[in-house]
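Below you'll find only one chain, the form predicted alone, shown as structure tokens.
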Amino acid sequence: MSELKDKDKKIARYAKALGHPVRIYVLNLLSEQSCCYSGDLSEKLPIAKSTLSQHLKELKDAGLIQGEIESPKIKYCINKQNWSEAQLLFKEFLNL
């Protein structure tokens, strides 16, 4: 097996983060607005706040979103640079 490329690792990391419908929903919601507070997200999703927190952590760890603490809330936004990179990598990977 040839050596894994950095590009392949990034695609896999982004794909893993996109691997749940709640995370897709969150990304769609955030892409339609500049930012959103975690409390606002929990009102829109019929899931426990702790579950939402885990999904946000996955997206943040993958670099697709970024969070900023504005006590007592956390404001989440799309990480535009990484989101653009993910889109480009997937287009290349899928030969679109």
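Given the structure is predicted, the values throughout are model-derived calculations rather than measurements. Sequential numbering from 1, following the sequence displayed.
From this point on, the text means the form predicted in complex with a further copy of the same chain, which you will not see here.
For the three marked residues, Lys9, Val22 and Asn28, a heavy atom of each sits within 4.5 Å of a further copy of the same chain in the predicted complex.
Mapping the unseen interface onto this chain, Glu70 falls outside it, with no heavy atom inside 4.5 Å of a further copy of the same chain in the predicted complex. Although the partner is absent from this view, Asp61 stays clear of a further copy of the same chain in the predicted complex, with no non-hydrogen atom inside 4.5 angstroms.
In the predicted complex, Leu56 stays away from a further copy of the same chain, with no heavy atom inside 4.5 Å. Interface residue remark: Gln81 is not counted as part of the site for a further copy of the same chain in the predicted complex, having no heavy atom within 4.5 Å. Taking a further copy of the same chain as positioned in the predicted complex, the residues of 37 to 65 that bring a heavy atom within 4.5 Å of it are, in sequence order, Ser42, Glu43, Lys44, Leu45, Pro46.
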